[in-house]
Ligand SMILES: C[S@@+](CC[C@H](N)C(=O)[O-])C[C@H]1O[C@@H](n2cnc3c(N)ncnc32)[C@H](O)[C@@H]1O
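Before any questions on binding or motion, here is one chain by itself as structure tokens, the form predicted on its own.
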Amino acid sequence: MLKKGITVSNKKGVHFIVEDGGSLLKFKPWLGDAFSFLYDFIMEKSIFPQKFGGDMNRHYEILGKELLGVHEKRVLELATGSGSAVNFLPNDNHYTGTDISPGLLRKAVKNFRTAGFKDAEFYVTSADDLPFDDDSFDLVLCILSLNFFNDIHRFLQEVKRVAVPTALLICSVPVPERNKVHSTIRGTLYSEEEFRKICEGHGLTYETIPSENGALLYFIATAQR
């Protein structure tokens, strides 16, 4: 599954990429690893109700409905966080999670084990330079993180590369036109129409998931080649 020449080191269930010279590839998480234990609390008590004007349980319900029939697939999640996918992804799938925060991934390891996932791996890596081989995944998830990626075009290029033809990319992301509480949301915000044009510009089909949950847009893009 890894690209030729990629070497990793496993530390407490989390894979780190070994760079030339033997050092481990590291990133600067937006929250910082020292605060990773507060991540779930912040999401539930602050981000969802105050920033998004939405409901976390509704979020899981929307995604769970979309993924209800997904079984025994090779699933890649970009920006796994603390492992919230256990709330909407069936546990018989072959899961690979990525994030730039080792602290959050260590929480995800525990959450996936508790949820009964038998095949789950976790890698410290960015979404725009993935260590995985071409055509490695049947489904790609990007949940509540797309606005934080530095280069959305490079991200989509990587998704198309590592996903098999006709694989689905399922995303949830805040968009300005749905932000009825007029909160300040961090990152780069695109409108729904801009997401459509960006996806189609990369040869992806685009379909909105009909839903209402505050500032959040849910959509599916198909990585056809």
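If you're wondering where the values come from, they're calculated on a predicted model, not measured in any experiment. All residue numbers refer to positions in the sequence shown, first residue = 1.
This protein has a second form, the form predicted together with this ligand, left out of what is shown; the following refers to that one.
For this ligand in the predicted complex, the listed stretch (132-140, 67-75, 114-122, 101-109) containing residues with heavy atoms inside 4.5 Å is 101-109. The contact residue chosen from Met43, Leu189, Val181, Val164 relative to this ligand in the predicted complex is Met43, the criterion being a non-hydrogen atom within 4.5 angstroms. Put simply, Val86 is far from this ligand in the predicted complex: not one heavy atom of it is within 4.5 Å. Put simply, Ile152 is far from this ligand in the predicted complex: not one heavy atom of it is within 4.5 Å.
In the predicted complex, this ligand stays beyond 4.5 Å of every heavy atom belonging to Asn93.
At the 4.5 Å threshold, heavy atoms of Phe195 stay clear of this ligand in the predicted complex, well away from it. In the predicted complex, every residue of the candidate spot (Thr80, Ala127 and Leu144) has a heavy atom lying within 4.5 Å of this ligand.
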